[in-house]
Structure formats: C-alpha cells, structure tokens
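Presented as structure tokens, the chain that follows is alone, the form predicted on its own.
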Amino acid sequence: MSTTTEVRPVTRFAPSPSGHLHVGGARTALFSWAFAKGRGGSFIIRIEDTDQKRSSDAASVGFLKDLEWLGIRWEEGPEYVAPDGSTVGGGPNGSYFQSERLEVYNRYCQKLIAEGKAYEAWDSAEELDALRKDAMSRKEAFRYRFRGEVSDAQRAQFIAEGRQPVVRFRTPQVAITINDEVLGDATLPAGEVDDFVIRKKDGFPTYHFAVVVDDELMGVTHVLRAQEHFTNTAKHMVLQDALGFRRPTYGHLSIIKNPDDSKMSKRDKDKVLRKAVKERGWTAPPAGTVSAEEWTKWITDDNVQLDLEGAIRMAEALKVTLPEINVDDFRRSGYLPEVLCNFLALNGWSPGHDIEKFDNEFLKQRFGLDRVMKTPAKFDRVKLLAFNTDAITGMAPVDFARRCLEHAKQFRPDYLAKLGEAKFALLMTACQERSKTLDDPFKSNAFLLAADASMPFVDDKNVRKALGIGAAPADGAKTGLDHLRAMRGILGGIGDWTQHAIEAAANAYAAEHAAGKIGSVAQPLRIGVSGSTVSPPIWDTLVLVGKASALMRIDRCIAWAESLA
C-alpha cells in the first residue's frame, strides 16, 4: 500500500464550531497541513456548521485563532486577520461555512432524488422508535430500509399533521471496501450500511452529505481525520459513486488518551470541578465565579458544563488546577506553540532515528502517512512540560521577555499595570531560570499584586523555622524575627532603592550580627515582603515590591509573627 502523491495534494481540516479546538483536532490539522505543504499542495479550512444546535460564530473565530497561533495557516478558508495584520484565507471555492452553502447541497440532493438514488422519508420519532424496538426484540441491529413509495394523499396528510420529511440515501446492498492509508483495508458486508439521512428536517444537510459534496467541489485529494470516522467512510464512498465523484485518499488517525488510558475529553475539566465542589460540600457558588442561575443548571445536570471563563473562576475559588485539553488551555498556561506542535506530532507519528525535538518546517518536510501509528497515543503532560522547560531556558533573555510580554498583554494585564515597564523587565530577568512556562513568572508571584494591607502570610513549618517561631534560640543567637526587626530599620534608611544598595546593607548587617550567614537575613526578608519562603532572588524581589510597600509588609509580618510566638 502506498500513498498517492502523483497529484498536487489538497487537504482540509473541517471542524464543527462547538467550542475551543481540542488538541486531538489540532493534531489532525497539523498532520493535514504538513502532508499538503511538504508536497507543494494546499491546505483548506472549512467550518462544518450545519448542526445549528452545536454551532456558534464565536467558536468559529476561536478555532481560527488557535490554528494561526500554532503556525498552521491555510491557503483557502474563512478570512482571518492575524495579529501581525496579515490576512489568512479566502479562495475561489467559498463560502467555507457549510451553513452558507445550502443551495449547493440542495442541488445535488435533488439530483439524487430525481435519479431514484434518494427519497423523502416521513417517519415520525415515535415510528422510528417502534422500528428500533422491533429490531431489538429480534436481537438485530436497527438499519433503516426503504419502506415504500409515499402517495400524494399520504404526503398531503403528513403535511397536514405538521410533519417534515428527511431525505435518505438509497444505499446499494453490496459489500463496501474501505481503503485506508493508515489502518489498511477493511470490508463491510452487504447490508451493513442502512439508508442514512442526507438532509435533515430543518433543510440542512447531514455531515455525511455535506462533506462529500464539499470535498469534491474543493478538490480535496487526501482526507486525514480521526479513527471515529472510519466506518463513516463507507457512507461517503457510496455517495461519491452515486454522484459520480472521485474518491479521495483516506487516512484515519488514532485517538489521544490520558496516561490512565481514558479518552482525553473536554469533560475532564468539568470532572475536576465537580469533584472539588463535592469534597468541599459547597451548595452555592462563591461570589465572583458564576451566577446563581448558571450554578443551578450546572450542579443539577451532569451534562451541563460551565463556559470557559466561569470554569476558570470556579477553579481559582476551589484552588484546583484544570487539566489542559484545548489549544487555548495550553496557550493560557504559557506553553509555546512550537513546542505544542512538536509534542502533538510525536503523539501519533515518528520521524525515526530517535529524533524528538523539531519544528514545523522539519515536520512539513518529513511527514508521511507511512510512519503514522495505528495505536492510540498517550498524552504525557510531564514530557510536554519538560519540552517546554527546555525551550524556555534555552531562549535568549530578550526573546523570553518579549514572549512573556505578549502573554501578559492577553492573559495577565494586571501585572503590566502594576509593575510598569522597568519592573516588568526585571521580573523577566529574575524568573527565566526557574520558569517552565510563560505563565510561571506571574502564577508564582501573585504576591506582587496583593494589597500591602491584606497580603496573607503562610503559616507553615518553613516560615516558622525561618522566623524562629516556637523554637528557643541558642544563648545569644538572634532569631529570624530579630533580624527582620533590625533590617526594617536599615531598609528604611536606604535612599537608593536598588539591588546593589540593598544587598550591600544586608551583607554588612549579616557580617556583624549573623556570622556572615546572609541566608539567615534574606529568608526572613523574603517572608516579610512575599508572605512565604519562595520568591525570585530577594534583592530583585525587594525592588519589585518597592520601598514603601516593602516596609509596610515587613511591619505587618513582624506583628503577625509576634502574635504566633
């Protein structure tokens, strides 16, 4: 079996706009893009929005935004203005929204009806349910078959009853062989595929019909999609034959699973939230998370999920971390798009030669269906984070600062407003070595945004040990709290609030009062201004907090520590 490459390949990615782009869909788009672009072909984006209950315009834009961020650009498809001002998309085969192509689908649907290859079916929901129950009683799978012509009188009666017909394809009762470049060939026996619906009661085409028409009219030569569509391919093949269309080359990709072998699903985030709410015994939403109406709908129906912003606010209130599932989740968490693409490519494809680190250009040049894996991929978040950490620590400092600035503008604007340009640059310099994501400089330094008068202090064994709370000091030895009191006075007298001046003053004090052990002085200071024993380098931290805020915080820390002693 070999992949057809004699023709200029045209691939497509056709999501339904029902939410943010799942990483499984992103991988499909990445593979489709790489296959076409590496062979001089073109890549199309098409929005399959014929299911009106699941579609939204906002979701369509979100998909396009996610793909462009990943570096997956399309020659044809909906127009999208990228952040750099360039326009992606357009093309001669639009519209690229299926909901705007009804005239096209109706034309081909009527052709099939006129040729006797499709027919109107007027069955009610109750009648269909009775047919299913009858098949179950005979221990058979339900497959709809043509039930006879409808007379004009019956048709008039159905219309009077308010019925709307669907259109079903009259499936030939022959064996159907699916040729797949990834999974190999498979044959469905005659009778396996029923007379399936190609136009719904609302006048919109089903997925099966629209995708066949669009792939033909848009010149798609290769279809890469999830394995869950494998058996659907039989329906598409018989439709292609009936319409006189050519058959694209198919390749079906394995699903992506969690390390525990469960399917990586958008519901994973909802499961985390529900478990945390149950453990805490909450009966109402905390202020500032979701409305009472949203809460009631969510908490009383396991099938309802909170929208993304509501879920994020709820997670913050619950102090839980939501698992990244969608591309936007990874973007918010500070992962680099080139790293995510690299990692996704390895989840289902191998370049061989033990190569693991590569960019999209490498993938484009090397990708082929012959090295796509048939078995499900395991999404190893630990490995992804390691990839991201390596990329961040290997960046030039100026690039790290620039990309953190871009991240902050979108997701952490409060840090830009609070710190200003100079302090923001200092925070980047102080944090790169200890950052694994672009979000770490912000996520791990929330104390910078805290109000001086209400910043909390962590009461744990590390803090108590550093301040000397609850332990009798050796004769004549000073506790960390003693050092903090002394340094409060010294810091108050420093006029030049710079790292150099602060460090020099602290070293001089430590040499005289702490046997030269600067850590005995630095750690109490860190607790005083950050509330815990973890922060960027202490001299940078003090400059970031600012003199007035540092002194106020130290005063509060001293009073708090004295209340514990």
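When you see a residue number, it is the position in the sequence shown, counting from 1. Only the largest set of C-alpha atoms that superpose within 1.5 Å between the two forms is called the rigid core. Note that the structure is a prediction, hence the values are computed from the model and not measured.
The same protein has a further form, the form predicted in complex with the RNA, not shown here; the description that follows concerns it.
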Of 449-457, 181-189, 279-287, 152-160, the segment with heavy atoms within 4.5 Å of the RNA in the predicted bound form is residues 181-189
Among the candidates Arg366, Arg247, Lys263, Arg313, the residue which, in the predicted bound form, approaches the RNA to within 4.5 Å (heavy atoms): Lys263
Contacting member of Ala522, Ala26, Val529, Ile45, with respect to the RNA in the predicted bound form [4.5 Å, heavy atom]: Ala522
Is there any non-hydrogen atom of Lys409 lying within 4.5 Å of the RNA in the predicted bound form? no
Would Gly94 count as touching the RNA in the predicted bound form under a 4.5 Å heavy atom rule? no
Quick one: does Thr533 come within 4.5 Å of the RNA in the predicted bound form, counting heavy atoms only? yes
Please determine whether Thr375 contacts the RNA in the predicted bound form, using a 4.5 Å cut-off between heavy atoms. yes
Within 4.5 Å of the RNA in the predicted bound form: residues from 199-222 (heavy atom criterion): Lys200, Lys201, Pro205, Thr206, Tyr207, His208
Rigid core fitted, then: does Phe196 show a CA shift of 2 angstroms or greater between this form and the one not shown? no
C-alpha of Ala506 moved at least 2 Å between this form and the one not shown on rigid core: yes
So, does Pro536 move by 2 Å or more at the CA between this form and the one not shown, with the core held fixed? yes
